[in-house]
Ligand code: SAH
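Presented as structure tokens, the chain that follows is alone, the form predicted on its own.
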Amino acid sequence: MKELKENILAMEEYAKENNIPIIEKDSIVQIMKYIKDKDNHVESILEIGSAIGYSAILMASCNANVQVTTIERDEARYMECLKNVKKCGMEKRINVVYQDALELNLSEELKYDLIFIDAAKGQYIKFFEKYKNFLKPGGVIITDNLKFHGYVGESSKLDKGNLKSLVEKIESYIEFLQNNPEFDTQFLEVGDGLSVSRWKNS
């Protein structure tokens, strides 16, 4: 456990030095709490957006039965993720896939208890639509960065440009979740904003 803690701290330092966005502590604590709750029966997790493996390793550390598949399209981050997974001795429990998540074709038989979306924010709706069919009954889709540093809800005040466009896409995603006839979504004011979406029929 001590070694894992040291590795996690080293990853936080690396992310800071190399300007790599990793999940905020409050958010990952909330997700880990959900995974650890025995009533939620979380054993299989699909993560879209590995970065350096920080959240995948912490999610897998919740319980010895947890298996994580994590997808990353950036080669440098993928390599760093592999290195960190190995350093934490989790190669058998974390499968790192080097691919663009929108181009990846998973086997239709694969189903997950939890799907975590933390990749290109402008593609959130596409990720949700593509991967919702890989959710087990009773499972949830959790999405991070829905406040996006406080900009979400303030897009009308932003000058035209990449930031405004990105914030508008996150706002559209929130609207998409609020009006989705298939899912009940809870929005949590934790970290940079999380949503937890569950099938209405589960």
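All residue numbers are counted from 1 along the displayed sequence. Treat the numbers as computed from the prediction; the structure is a model and nothing was measured.
Beyond what is shown, the protein has a form predicted together with the named molecule; the following relates to that form.
Residue heavy atoms within 4.5 Å of the named molecule in the predicted bound form occur in exactly one stretch of 158-166, 132-140, 61-69, 45-53, and that stretch is 45-53. Not one of 112, 128 and 177 comes within 4.5 Å of the named molecule in the predicted bound form, counting any heavy atom.
With the partner removed from view, the residue among 90, 120, 82, 106 that has a non-hydrogen atom within 4.5 Å of the named molecule in the predicted bound form turns out to be 120. At a distance threshold of 4.5 angstroms between non-hydrogen atoms, residue 101 is in contact with the named molecule in the predicted bound form.
Contact annotation for residue 23: at least one heavy atom lies within 4.5 Å of the named molecule in the predicted bound form. The partner is not shown here, and in the predicted bound form the stretch 170-193 never reaches within 4.5 angstroms of the named molecule through any heavy atom.
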